[in-house]
Structures are given as C-alpha cells and as structure tokens.
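Just one chain is shown here, as structure tokens, and it is the form predicted alone.
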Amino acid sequence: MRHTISLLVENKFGVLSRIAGLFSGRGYNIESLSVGETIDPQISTMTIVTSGDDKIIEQINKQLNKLIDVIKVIDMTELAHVEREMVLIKVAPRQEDKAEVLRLTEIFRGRVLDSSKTTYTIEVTGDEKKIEALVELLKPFGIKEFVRTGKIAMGREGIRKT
C-alpha cells in the first residue's frame, strides 16, 4: 500500500542525504519526494511517498524517528489531509488540435505558461488522479516533455501545527 509520510526536519546540509540513505540502505523505494522550507527557515517539510506493507511502513517510521535531524514524522495516509502535485507538460498539437488542447487545459483548471508556433507549455496542479487523467487525454496530441513534482501534503486543521 502507498503511504504519504510528512516529515519536519532541520533545514541544514546533509539531512536529505541521510534520509535518502536510510531508504536506499534498507531497500525501500521513494516514489516521490518534495522538500521545502517552512515559515521557520530553520525547519523544512519533507513529503515522501513510499510503498510497503504495514510492517515495512512501521520500520520506516521508526527509523525516520531515530534520525537526529528529524523533528516529527506523520504518516498522512490514514489522516484527514489535503495533497497536491504540479505538472508541467509541453504539448505539440497539430494546428487543428490546438483548440482542443486549450479546452482540456481549461477543463482541468490548468493554464498555459508558454506558447510557441508549435507548442504549449501547460501547468496543472491537483491530486494524482487529476494529473494522470489530463496526461492521458493529452497523449494523443503529442506530449514533448513532462515534468512532475512530488506530492505535497498537509493535515487538515487539528492534525499538525508547525
């Protein structure tokens, strides 16, 4: 089962390396990873998506809690939370398909960040299913490039305060 784990960590050199090393050293895969500074520049939030059975996820959480730079570990999977990803997609539609690509972008509440004679670069944020649905719909129009962030997640009110 996929799990979304949110970490509060010290914002200093080597923390990401130690956490990534913990995963690689034990053979656990990181499916996505996002890191960013919080309102306190001394602390960062890290969101990791990984997979495993209950025993593996418990081991991951215990190992993360042992790291000195980790302040707090929250497995968001079972908690009420909101999550988002962002994707940038460069599409090269034929002239007769450009209106349809723009229509799909609007339906998915995306926006065109850049356009050229042959391409549109589209930005979309949303949950994983929304992004995957748009990508599938745009594939027939000729996706040239595709860049996707890792998932970010935040507990709903009362879950966590930073």
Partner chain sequence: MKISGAEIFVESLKREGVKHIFGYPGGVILNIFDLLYDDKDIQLILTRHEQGAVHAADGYARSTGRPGVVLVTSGPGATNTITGIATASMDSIPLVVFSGQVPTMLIGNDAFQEADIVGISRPCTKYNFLAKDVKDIAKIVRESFHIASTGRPGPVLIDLPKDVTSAKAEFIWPEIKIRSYNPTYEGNRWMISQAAHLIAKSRKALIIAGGGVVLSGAARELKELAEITELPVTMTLMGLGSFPGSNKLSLGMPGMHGTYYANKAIQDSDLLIAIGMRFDDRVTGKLDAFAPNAKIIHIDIDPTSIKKNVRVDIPIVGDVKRVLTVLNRILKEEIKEQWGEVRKAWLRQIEIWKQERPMTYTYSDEVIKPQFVVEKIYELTKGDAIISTEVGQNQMWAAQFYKFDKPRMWLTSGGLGTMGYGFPAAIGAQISHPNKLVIDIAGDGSIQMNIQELATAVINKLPVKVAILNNRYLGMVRQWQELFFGERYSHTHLEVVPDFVKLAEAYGAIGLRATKPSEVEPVLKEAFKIKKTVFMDFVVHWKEKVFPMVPAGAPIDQMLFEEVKEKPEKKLKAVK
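What you are looking at is a predicted structure, and each value in this text was computed from that prediction instead of being measured. Residue numbers count along the first chain shown, from 1.
Note that the form predicted together with the partner chain isn't included here; everything after this is about it.
Q: Heavy atoms within 4.5 Å of the partner chain in the predicted complex: which stretch among 127-135, 37-45, 110-118, 90-98?
A: The contacting stretch here is 37-45.
Q: Any of the heavy atoms of residue 123 lying within 4.5 Å of the partner chain in the predicted complex?
A: So residue 123 does not count as contacting the partner chain.
Q: Heavy atom to heavy atom, is residue 14 within 4.5 Å of the partner chain in the predicted complex?
A: Result yes; residue 14 sits at the interface with the partner chain in the predicted complex.
Q: Is there a heavy atom of residue 51 no more than 4.5 Å from a heavy atom of the partner chain in the predicted complex?
A: Residue-level check for residue 51: no, no contact with the partner chain.
Q: Just checking whether residue 58 would be counted as a contact of the partner chain in the predicted complex - the rule being heavy atoms within 4.5 angstroms.
A: Yes, residue 58 sits close enough to the partner chain in the predicted complex that at least one of its heavy atoms falls within 4.5 Å.
Q: Taking 4.5 Å between heavy atoms as the contact cutoff, choose which of 79, 86, 71, 74 touches the partner chain in the predicted complex.
A: None of the others qualify; the residue that does is 71.
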